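The chain below stands alone, shown as structure tokens; this is the form predicted on its own.
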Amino acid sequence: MIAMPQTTITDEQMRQFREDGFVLIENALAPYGMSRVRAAFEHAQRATEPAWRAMVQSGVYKGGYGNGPDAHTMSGVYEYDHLFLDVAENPVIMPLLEQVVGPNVQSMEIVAHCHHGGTAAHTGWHRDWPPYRHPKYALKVKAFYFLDDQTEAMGCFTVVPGSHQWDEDPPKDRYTGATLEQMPGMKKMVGPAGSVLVWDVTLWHTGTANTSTCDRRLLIYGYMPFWVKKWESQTPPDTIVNWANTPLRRQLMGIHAVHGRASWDRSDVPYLPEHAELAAAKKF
């Protein structure tokens, strides 16, 4: 029997997110099964590894999350398995996302990431963007799913709790290279396989060297309000449109908002029949 995780958010978890800028929820991949998620990850990694190795050999590195000799970053992984889309609407974290991002939440990125054992830190201290603030919501949060038990030696994701409330950026020139882990107040994010770390992207953060023999494997999801344009002039791919077979999935994929204005919706994808009434009721 698999113990199902919580699907409601406690007051203590909300307090921690507001004050520290993150919350860790264990057993978050139970709805999908760890073996199933790992198999999907490994399939995507095998499929993308030749291109990644060719990129590393060329010395010209493209892609985020330290994609290069120390880490293999895989974007668009939903093309290899729809499970990655299923996890985007994980009922374990959707209640939290709807509170901290807002009811019109959408997924902005879906990435698989492998920081190889025995490799250097692949990024320095930074925040993903300036400390933009909204009186009620976080303008972007990310969810990092641990596919393996995370230990401090595995180059784990590291933050300075509470730094999302600060105006100043991290003094990255002071804490870099050999001094990377001397950042005052830093905390390494460790936890058992299947956990998810949901965090505000304005936190000061980094990834440390993976001094272990184990790869650190993550699934990475970014979430923002629907009014941030996801696809711009590009029509969402058929893989996304076909998977998004409910109004809430359409919103999650940045196509049509359930909670929002009609002017936010894409006109190049027809509404679902059950969304027609919602669309007609929108005034703008």
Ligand SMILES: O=C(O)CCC(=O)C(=O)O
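Just so we're clear, the structure is a prediction, and the values are computed from it rather than from any experiment. When you see a residue number, it is the position in the sequence shown, counting from 1.
Keep in mind the form predicted in complex with the ligand is missing from the figure; the text below concerns it.
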* **Close approach of Asn90 to the ligand in the predicted complex, 4.5 Å, heavy atom** => no
* With the cut-off set at 4.5 Å between non-hydrogen atoms, does Ser107 touch the ligand in the predicted complex? -> no
* To do: Please check if Asp128 has a heavy atom lying within 4.5 Å of any heavy atom of the ligand in the predicted complex.
  => yes
* Asked: Using heavy atoms and a 4.5 Å limit, would one call Thr202 a contact residue for the ligand in the predicted complex?
  -> no
* To do: With the ligand left out here, work out from 190-198, 78-86, 138-146, 169-177 which stretch has heavy atoms within 4.5 Å of it in the predicted complex.
  => 138-146
* Option touching the ligand, based on a heavy atom within 4.5 Å in the predicted complex, out of Thr123, Gln99, Thr119, Thr151 -> Thr123
* Members of 157-186 lying within 4.5 angstroms of the ligand, judged by heavy atom, in the predicted complex -> Phe157
